[in-house]
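Here's a solo chain for you in structure tokens, the form predicted alone.
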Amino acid sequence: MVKILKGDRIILGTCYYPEHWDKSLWKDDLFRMKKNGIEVIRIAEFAWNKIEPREGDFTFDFFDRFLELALEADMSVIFATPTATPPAWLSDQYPEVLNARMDGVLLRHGGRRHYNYNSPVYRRFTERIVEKTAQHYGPHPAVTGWQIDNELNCETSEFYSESDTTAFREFLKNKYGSLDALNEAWGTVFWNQTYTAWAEIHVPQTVLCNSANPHRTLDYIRFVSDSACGFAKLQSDIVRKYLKSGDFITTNGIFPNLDSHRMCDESLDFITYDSYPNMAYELDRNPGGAGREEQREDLGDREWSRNLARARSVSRAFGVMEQQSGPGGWTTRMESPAPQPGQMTLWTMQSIAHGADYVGYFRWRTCCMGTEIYWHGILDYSNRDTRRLAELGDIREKTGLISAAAGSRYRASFAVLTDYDNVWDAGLDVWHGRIHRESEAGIFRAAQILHSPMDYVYLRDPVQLKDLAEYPVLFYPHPVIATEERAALLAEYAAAGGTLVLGARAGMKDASGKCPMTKLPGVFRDLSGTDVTDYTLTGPGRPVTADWGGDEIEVPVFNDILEPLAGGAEVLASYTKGWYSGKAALIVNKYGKGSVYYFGGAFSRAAASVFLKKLNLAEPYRDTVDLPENCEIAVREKGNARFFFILNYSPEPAVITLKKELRDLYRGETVSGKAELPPFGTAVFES
């Protein structure tokens, strides 16, 4: 059977649901997949009833028959634990397994992911179904790996059941030890929120003006992540007992309120991402039914490269479990158009360019019933050969031609630092959220347009100086929550010669989300050589700029008014408008062998572009290839080989210029000079 992510070649797969189709279709489907380049399928993530149709009544015949056909077709199978949709008998007889809204209304059976991680009853049934499933199907020679559940924290990443309140109290007892410590951390003296018994503490509840204690809510998000990680580990520990040699455990997707890095470290061999680039072109429908087409993101489907970079940060060897292959939508929400000819190939190469050596398409055939009837796959309802099936054949040929790139590593020119505390806080704090969203999008989009490949690095306990030292420049846009330990690590990085770029509101909060009575930027004060003497939101319709050595730079959203501290700090840019015109907007501080920049605003695309140019990060491969803005470049390296992926996201042809001789892997020949990529075209070159 095929073993994915072994570094030897790129493998294609698809998602298949034998429970949706008559058994007479199974064999033909499997052989048809093989004929068109599919070698791996994922099954069973929503099929609990096929294994336990009634409580305690286990039957394995259904998937036994299917796996025998898979073995006959030489098709490898990723078997999923079926816990994403508990069966109706379980939801009905044990309603405590159900999740609830904040106001206490239970989320009833009929959707998916309507359970909660902390129900003792659900955990007991989960342990049993996972044990029975892995014990029976794990030894089967067609099974090559396992997926835990499906898209943990998708649909909802908030849990308000009674079981969650009970578990939340235990989480807090373990963290704080006493109510006095909890009250201090949460600042409960504000608005008379002081707790005198653990029983008084609940998961967040409906309050006036949505004004819940932000410090409690931050800990609640940490609790949700802890619960999801624990649920994944509960299953992984069971499945791992039944793995054959070379088999793997993964789960799919990266969703809110979940420390995916911790989950991967504790429970998985690697992460698999679910990539749906055409969701960038969803139709925006108002309640009255009138609609307008809206390109929701600045770069459209190219925006999904940012998500792939996040997946790569979780595990450098990663796959794509669900790659969009057709138009998407449910009967209840989400509407996106069909991929145009060439886009299925483009999105596949987008995933591979960012490091995925396995790409599995969602789905093999479009479902004829249920909520997802408009989420199309490679085949439509009619079972005819589609243009997407023909394009799959072309993709199979291309991935075979670029097999030398398998096992290579994505090479970034710089990295953006982030951490879960600040990501979660930005989702809770509207002031933090505004600058966070601006800079997250702005830096990525500037890097794309200036063809500067970037990574994400999450600051967490395993991160050490050697992890940061790989990058000459690190952006840490808005570490509003900051600790002495993280500041010390960044000081080591700068002292060793690195360049660190900080943005507005750095160091404003401690780990509890409270604002200490310290001069800003708090723990970054000495490192940045900066004193924040005042600050303000910029206000709507009031663009703020600064002069940076004769170049105008936008300073949007929020402005820190700065002064340099004594020593090596130097003002590089000053505000040019408003009541603080003439005050410092950007300071650089020489720190050891390196430099630390403190920028008093958010990093819009325009502002980030100036930084990338000033720090010599723009067009790092300009001596090799010249590209128009509508093309992305991604570079993967293995040994002495370097692979250049060029992706044209435009419906028009794109002309590129190769300034050195490179081997065109699609054509199998050495080329240089001008070349034309067709609409949505791709190319892979090796040097």
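We number the residues from 1 along the sequence you see. Every value quoted in this text rests on a predicted model; they were computed, and no experiment measured them.
The same protein also exists as the form predicted together with a small molecule; that form is not shown, yet it is the one meant from here on.
K.L.:
Spot the stretch among 458 to 466, 172 to 180, 370 to 378, 592 to 600 with residues whose non-hydrogen atoms come within 4.5 Å of the small molecule in the model of the complex.
P.N.:
Result for this chain: 370 to 378.
K.L.:
Residue 251 versus the small molecule, in the model of the complex: is there a non-hydrogen atom within 4.5 Å?
P.N.:
No, residue 251 stays farther than 4.5 Å from the small molecule in the model of the complex.
K.L.:
Looking at the partner-bound form in the model of the complex, is residue 471 within 4.5 Å of the small molecule by any heavy atom?
P.N.:
Because no heavy atom of residue 471 falls inside 4.5 Å of the small molecule in the model of the complex, the answer is no.
K.L.:
Taking any heavy atom pair closer than or equal to 4.5 Å as contact, tell me whether residue 46 reaches the small molecule in the model of the complex.
P.N.:
Looking in the model of the complex, residue contacts with the small molecule include residue 46, since a heavy atom lies within 4.5 Å.
K.L.:
Is residue 117 near the small molecule? Define near as a heavy atom within 4.5 Å, in the model of the complex.
P.N.:
No.
K.L.:
Non-hydrogen atoms within 4.5 angstroms of the small molecule in the model of the complex: do 304, 410 and 619 all have one?
P.N.:
No, the whole trio is out of contact, none within 4.5 Å by any heavy atom.
K.L.:
Looking at 424, 125, 362, 476, which is the one with a non-hydrogen atom within 4.5 Å of the small molecule in the model of the complex?
P.N.:
Of the candidates 424, 125, 362, 476, 362 is the one lying within 4.5 Å of the small molecule in the model of the complex.
K.L.:
Which listed residue (563, 510, 151, 440) meets the criterion of a heavy atom within 4.5 Å of the small molecule in the model of the complex?
P.N.:
In short, 151.
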